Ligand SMILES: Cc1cc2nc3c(=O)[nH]c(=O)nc-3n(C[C@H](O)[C@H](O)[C@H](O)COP(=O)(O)OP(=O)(O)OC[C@H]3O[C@@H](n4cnc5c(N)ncnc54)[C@H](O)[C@@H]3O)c2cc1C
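Here you get one chain, nothing else, as structure tokens; it is the form predicted alone.
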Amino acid sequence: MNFEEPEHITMIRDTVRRFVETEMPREAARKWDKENHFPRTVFDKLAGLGMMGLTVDEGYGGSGRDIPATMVVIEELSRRSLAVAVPYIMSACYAGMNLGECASEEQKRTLLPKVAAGEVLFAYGWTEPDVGADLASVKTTAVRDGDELVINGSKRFCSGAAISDYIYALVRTGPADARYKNLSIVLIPPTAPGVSITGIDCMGMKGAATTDVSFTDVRVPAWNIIGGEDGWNRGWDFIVGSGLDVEKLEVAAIALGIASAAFDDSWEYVQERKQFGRAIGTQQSIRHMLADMRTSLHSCRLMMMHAAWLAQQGKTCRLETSMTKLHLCEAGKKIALDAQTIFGAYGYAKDFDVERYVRDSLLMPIIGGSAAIQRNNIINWMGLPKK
């Protein structure tokens, strides 16, 4: 079994690293975090490198679906700033992958070339005030009115809605008791009349601001039903497809990037910081902590490589992606907190990036399916009887 990173992915990793150092300096990343700012010009430059096309087939202007390469881009961007990493996911993954798997041919021809060019971003409109993991219970409705849909309801924790071109919204389109068979996915422009967006002040993931969104008699063309007419009441089929497996990996890749940056910063700090006349890296407790951090990172990287490879091959991987999401997000949180311990009081100060790593890493076990949900999925898919 070959564990070497493919040459083309190494080239992509090196390209993104150079981009990060040139276009995303630490000072800028701190400013974006402080101001909760999405640096669109930086995002556009990233798109100019062709990175959005890694999830789009060549026939629609992309370079072909490459899940391992996409995860590497997410990881490398997340080392520096989620203000660019999350919008990248909103374009390449939320838009590119979902359209590629679920959209009608006409929707693909219209939207995918724009995704490959970095011109389209989707925000996920799934969670609602009373609906979290139980997505089949969404209450937001879409009703047919001729060639239009009329949408009413609300979405919570709709990250990036204010900077998106469409909200990729899960809505109820059939009888309330027709569970799993009464759902559709609809593209809702956030600028449409009747859409109201309210910011939620969260501790981390700045740049793609988290919001509440409400829909009051919002009208969109029936063309906006994902999958076209064949997609009506088939929203659940689209959610439980391979796209959900990849979404778990996207969050895991963010966690891996943050943890890698936390370790790298710690490695440099322990050699520079001196106490009692010598570098703190000579202290056994610090050395052991770094050894554990590096070991954990290695296991995380191997799990990511394996799960991304399975997804790329089209193999059934719901168990592996859930395990990867669970392990990387929990391990990444611990690595960030260990880095803060190594930095001491400086790790609590906003002048040091470790403070941001901690805030961002705390979110990873929550989004994209919480750690508890992943544990439920893992044990259920392993086949352990409930009774």
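Counting begins at 1, following the sequence as shown. Bear in mind that the values here come from a model prediction, so they are computed numbers and not experimental data.
Unshown form predicted in complex with this ligand; subsequent notes refer to it.
This ligand contact in the model of the complex: residue 205, any heavy atom under 4.5 Å
Yes, contact at 4.5 Å.
Although the partner isn't part of this model, could you tell me whether residue 363 comes within 4.5 Å of this ligand in the model of the complex, counting any heavy atom of the residue?
Residue-level check for residue 363: yes, a contact with this ligand.
Is residue 173 part of the interface with this ligand in the model of the complex - any heavy atom within 4.5 Å?
Contact with this ligand, no.
Is the gap between residue 159 and this ligand in the model of the complex 4.5 Å or less for some heavy atom pair?
Within the cut-off, so yes.
124, 127 and 373 all contacting this ligand in the model of the complex, non-hydrogen atom within 4.5 Å:
Every listed residue reaches this ligand in the model of the complex, so yes.
Quick one: of 244, 302, 192, 133, which gets a non-hydrogen atom within 4.5 angstroms of this ligand in the model of the complex?
So the residue touching this ligand in the model of the complex, by this definition, is 133.
Scan 210, 184, 296, 98 and let me know which has any heavy atom within 4.5 Å of this ligand in the model of the complex.
Looking at the other structure, the residue within range turns out to be 210.
Going by heavy atoms within 4.5 Å, which of 76 to 84, 197 to 205, 268 to 276, 110 to 118 lines up against this ligand in the model of the complex?
Selected stretch: 197 to 205.
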